[in-house]
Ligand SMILES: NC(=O)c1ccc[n+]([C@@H]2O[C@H](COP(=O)([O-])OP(=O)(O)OC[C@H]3O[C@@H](n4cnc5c(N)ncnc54)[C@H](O)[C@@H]3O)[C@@H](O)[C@H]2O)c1
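Read the single chain below, which is given as structure tokens and is the form predicted on its own.
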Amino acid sequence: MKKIAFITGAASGIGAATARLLNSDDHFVYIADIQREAGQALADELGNAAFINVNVRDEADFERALDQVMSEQGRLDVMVNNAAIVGVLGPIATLPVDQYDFSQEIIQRSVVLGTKHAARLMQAQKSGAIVNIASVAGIRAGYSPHVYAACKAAVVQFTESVAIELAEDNVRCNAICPGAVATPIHTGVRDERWLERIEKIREAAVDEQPMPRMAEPSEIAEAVAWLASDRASYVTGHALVVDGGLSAGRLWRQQPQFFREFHPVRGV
């Protein structure tokens, strides 16, 4: 039986890669995004998919969209809460609270809303898988702006907590914690300039982590697809780190020069 998947922020980046992969694995995919042109283009490309306009800050939008899924398909098997932004930047002493609120609504609150409305459908049918896209920044400090890190940490804890409640209804809830991924979110732009900027970031990544490269969106999509599949039928409440070893630490040669000079183990 064909599975039905709903992916937020699916018009680009990890969301689009996940839509392509699930679609190739015989899922009917709902591409939920506010980017109408890109979202519709992807739906047309895939064929076995539909674009649905969703503002993830708006609970009514989630409710309407998922009720549409039920009216058209009669079930929801996979929910991927992927939509996010980098959010507010800068030092804590000058943090604009209005920008904090906006950032939190997209990065964290949207995951709560998506999970809430997916859960009400999945609990009724006694099956389903929810995958929330968190970040390595949510489990280790220093990899992102303050608010992004805090929101992604909340996504991890929220995922684990919800998983406990939903387990008795055979609904699984897991998270993915990506590291650096070659997507527009890392560049600060969504137009064609992101391609030029991402190449510079790729070069920097070589010296920043054990696996000397950024991840491709398709690599994160593979992890999402596994957690969403029956192959992970006994996995729930888990935050799967997919970061090329970034959170494990740096190789000796990647440490700052002053650290290498004064560390008691020389010449490594």
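Note that the structure is predicted; figures quoted are calculated from it, not measured. One rule holds for the numbers: they count along the sequence shown, beginning at 1.
There is also a form predicted together with this ligand; it is not shown, and the following applies to it.
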Practice item. Using a 4.5 Å heavy atom cut-off, indicate which stretch of 158-166, 82-90, 68-76, 114-122 touches this ligand in the predicted complex. Key: 82-90
Point to revise | 147, 129, 175, 181 - the one with a heavy atom within 4.5 Å of this ligand in the predicted complex | key: 181
Exercise for review: Indicate whether residue 139 is a 4.5 Å heavy atom neighbour of this ligand in the predicted complex.
Suggested key: no
Practice item. Spell out, yes or no, whether the shortest heavy atom distance between residue 103 and this ligand in the predicted complex is within 4.5 Å. Key: no
Check your understanding: Hey, in the predicted complex, is residue 133 touching this ligand, heavy atoms inside 4.5 Å?
Key -> yes
Review point. Is residue 11 one of the residues lying within 4.5 Å of this ligand in the predicted complex, judged by heavy atom distances?
Key: yes
Revision key, fill the gap. Looking in the predicted complex, the residues of 51-84 with a heavy atom no more than 4.5 Å from this ligand, listed in order, are 54, 55, 56, 57, 82, 83, 84
